[in-house]
Ligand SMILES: Nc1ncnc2c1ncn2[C@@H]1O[C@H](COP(=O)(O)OP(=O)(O)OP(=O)(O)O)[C@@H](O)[C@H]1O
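Have a look below at one chain only, the form predicted on its own, in structure tokens format.
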Amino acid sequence: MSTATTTNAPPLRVEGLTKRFRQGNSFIEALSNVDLTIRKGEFVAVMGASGSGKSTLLHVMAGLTRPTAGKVLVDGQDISAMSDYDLTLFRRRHIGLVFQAFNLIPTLTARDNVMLPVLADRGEADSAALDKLLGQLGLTDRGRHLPDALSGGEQQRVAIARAIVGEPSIIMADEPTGSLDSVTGQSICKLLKRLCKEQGRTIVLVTHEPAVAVWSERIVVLKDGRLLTEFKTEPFSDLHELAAQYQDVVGMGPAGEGQ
């Protein structure tokens, strides 16, 4: 399998993405003909109510679930056409994943949890690089601790370090603040923003919370599996204005008519 990046290809592009799930004798369409491009160094939030399809979209974009139709291109490579083996290798090298539940191995230290993707790819641990990464994420003194000795925010920072240690093309985060209190959640949002601005990381974050989405540069809104609209966060002076805009959007149909 070739994992070479296509010249000038965006880190992520989806075309005509559709996903159906069987329910008894019928099918539920979780995603319907979604088109989306994420540019290099961009921080994008995908918003929508429960059942809107936002988590399904992230799972399909990350190659965790196969699309029913359409394409998912990461660095110009169509991952929807890859075999399971090739997709596993490609995802490990190109996509960093952060989940709400942290998904840390409880018997491994923070350092060892971070290094798992590198070791799984038969790479070698670079202690100096790892120390630098832990320092950037405020974990210098926590590297030798097991997950149950860490706070929720520290565990999520370990999960973020694990997601970026292999220098992936894109980081995808599924409700990364959902298991955290509001103060800690905002600190994680601030960290992701800093990673985007200072290190040029490309980030896609799924959330239903305007207080989380406001940290992004662009918000993509899903409703009933369809991309309803998108808008930049910069024009909004505060969270309340952005939240009001989001509520106005989700109350409108695809053609802009009230439902």
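Residue positions are given as counts along the sequence shown, with the first one as 1. Worth saying up front: this structure is predicted, and the values here are computed from it rather than measured. Here, rigid core means the biggest group of C-alpha atoms that superpose within 1.5 Å across both forms.
One more form of this protein should be noted, the form predicted in complex with this ligand, which is absent from this view; the next part is about it.
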Even though this ligand is not shown here, does residue 202 get within 4.5 Å of it in the predicted bound form, heavy atoms only?
-> no
Is there a heavy atom of residue 51 lying 4.5 Å or less from a heavy atom of this ligand in the predicted bound form?
-> yes
Proximity of residue 28 to this ligand in the predicted bound form, heavy atoms at 4.5 Å = yes
Consider residue 240 of the chain shown here, and say whether it contacts this ligand in the predicted bound form, taking contact as heavy atoms within 4.5 Å.
-> no
If we test each of 197, 208, 40, 218 for a heavy atom within 4.5 Å of this ligand in the predicted bound form, the one that passes is 208
Between the options 80, 100, 155, 109, which residue brings a heavy atom to within 4.5 Å of this ligand in the predicted bound form?
-> 100
Just one stretch in 54 to 62, 210 to 218, 228 to 236, 188 to 196 has heavy atoms within 4.5 Å of this ligand in the predicted bound form, so which one is it?
-> 54 to 62
Using the arrangement in the predicted bound form, list in sequence order the residues of 18 to 44 with any heavy atom within 4.5 angstroms of this ligand.
-> 21, 22, 23, 28, 30
Taking the rigid core as reference, does the Cα of residue 100 move 2 Å or more between the shown form and the other one?
-> yes
Look at the CA atoms of residue 100 and residue 184: state whether they lie closer or farther apart in the predicted bound form than in this form, given a difference of 3 Å or more.
-> farther
